[in-house]
Ligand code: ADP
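Given as structure tokens, the chain that follows is alone and in the form predicted on its own.
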Amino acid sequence: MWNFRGKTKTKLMLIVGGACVAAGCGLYVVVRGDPSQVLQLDYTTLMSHAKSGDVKEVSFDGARIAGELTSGAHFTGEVPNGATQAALADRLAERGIAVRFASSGGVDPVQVATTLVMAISLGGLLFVLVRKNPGAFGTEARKAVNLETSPVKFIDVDGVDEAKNELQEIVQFLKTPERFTRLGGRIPRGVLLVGPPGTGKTLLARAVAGEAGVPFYAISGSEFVEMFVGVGARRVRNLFAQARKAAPCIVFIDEVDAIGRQRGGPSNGHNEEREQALNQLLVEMDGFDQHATIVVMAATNRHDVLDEALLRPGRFDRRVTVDRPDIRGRRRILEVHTRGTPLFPDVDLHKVARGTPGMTGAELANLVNEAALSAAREGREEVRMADFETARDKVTMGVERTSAVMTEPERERIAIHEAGHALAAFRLPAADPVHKVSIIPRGSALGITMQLPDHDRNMYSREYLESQIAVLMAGRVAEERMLGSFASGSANDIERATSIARKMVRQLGMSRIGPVVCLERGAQGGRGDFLSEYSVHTELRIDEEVERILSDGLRTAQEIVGSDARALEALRQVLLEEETIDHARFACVVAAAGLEAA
């Protein structure tokens, strides 16, 4: 016997299957004849041929007539209206023509053979396709991720110390389960990792498996949802069946909200399949033995939409928050991602961490990569601090549009606009310090004024939010004071200022309305409309308070710009000449103009 392997065997089976289908079709055509060669005879023509002796035989099948002429040609026809099959058969028999009647219970052996050949051929093709791509029908075997070739440990995940401390207990349970079970303890069956995208939830799950040295079965929640009903539930059963055989192990479901959303919404085929898969997941998690060493871990950034049954004790009963890192965490994350990157002595990772507030671990990894690419483009062997500055500006504000064609009046207006922002930020004590001012277009912005906080902010005071509004209004005020009008460039500033003012009134209680939350909730039944939880009178008061807060911010900006016209003009000239100034250069310009920080 020949021994075919791999792709050769698959191709051979496909060729053989296709040949069988073609042979079956050819056999049917040969036996049945080509329909285009069959004559269509009406009753008069048929009787004319019968009188002349040209008809060899005729068969009746209900009202249908089929037969063969003496010349070998085949013909078909119908019994005419008003005539009977028996009378017509008698007339033909009188002329010596063989007459047959089709039996309703008879079996056509040719048709059976042809159908059998085609069925076997199609079955063979289907078998080959299932063997080639078993996942299409939910029969695939989920393979454990090989953590030995690319081990991930807790040392590779930094900036999330609280989450790592909580997961250390899971590691100990997987290593020495008897330490907990001998006292009657039970480790949580499910651990839900909750946090913004890019904070390292998947990496943490892999690190738990790497520390414990157990198999790691990873799957996405969307893989359980298919167009075929029941496929998702079958995949859930297969996954947990494999996990029981490989225990102790970890089953990790990424983006669990794709399968675990709240049930009871509008019914359609997609939702029914998802809910079946979710129900099977709930049953499987309930089916664990009390001493089973299987831990189900899941990650999501939308825990608010998860079904309550999924979060009850006994299922995902432990929630671990993986939040954005603080400045110390960001520095440690930068140290992890720069281990294999040669750094120039002027690189200060603490300064880089301070300049990246709110960034996640994934964003910091991208920052380091962009800095390395910047150094490579310049042909350097080491990454410098300037590369990190360039990378941060590119990541946060977009690529410089140096090819953008701008007229001199437009450049002057942008310089005045950004000088107004910077001047207000310098004079307001609650505002963040100015880090960089530029009139080079980046992304969709024609100019930027970057402010960096001295420390990470976990909450915002009323004075800070009001100063933000004043800084946003100062660009428009500066244009109006120096040019006599303002342009559309302040549209985004007004939008952001309005958003801050509305949050102050409706969510934070920082207005004359008082400490009350005035929000809108979605209507029941899955509709897209919203229901207000406050009266029309309150809505009018909200609009009045938003207008008052914006007017106060505008008035503050007007006072600052009006009293510091000399500094505004100095900043305008420097920006037109140098286009971009950093914090030190900005401080020199305002000091030369006789200004001191408030």
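Each residue number is its position in the shown sequence, starting from 1. What you are looking at is a predicted structure, and each value in this text was computed from that prediction instead of being measured.
The discussion below concerns the form predicted together with ligand ADP, not included here.
- With the partner left out here, ligand ADP still marks one of 409 to 417, 171 to 179, 380 to 388, 354 to 362 in the predicted complex; by a 4.5 Å heavy atom cut-off that stretch is 354 to 362.
- For residue 200, a non-hydrogen atom is located within 4.5 Å of ligand ADP in the predicted complex, even though that partner is not displayed.
- Within this chain, residue 156 lines the site of ligand ADP in the predicted complex, having a heavy atom no more than 4.5 Å away.
- Although the partner is absent from this view, residue 196 contacts ligand ADP in the predicted complex, with a non-hydrogen atom inside 4.5 angstroms.
- Although the partner is absent here, residue 506 sits far enough away that none of its heavy atoms falls within 4.5 Å of ligand ADP in the predicted complex.
- Of the candidates 281, 501, 250, 160, 160 is the one whose heavy atoms come within 4.5 Å of ligand ADP in the predicted complex; the others do not.
- Note on the partner interface in the predicted complex: the residue among 331, 436, 337, 235 having a heavy atom within 4.5 angstroms of ligand ADP is 337.
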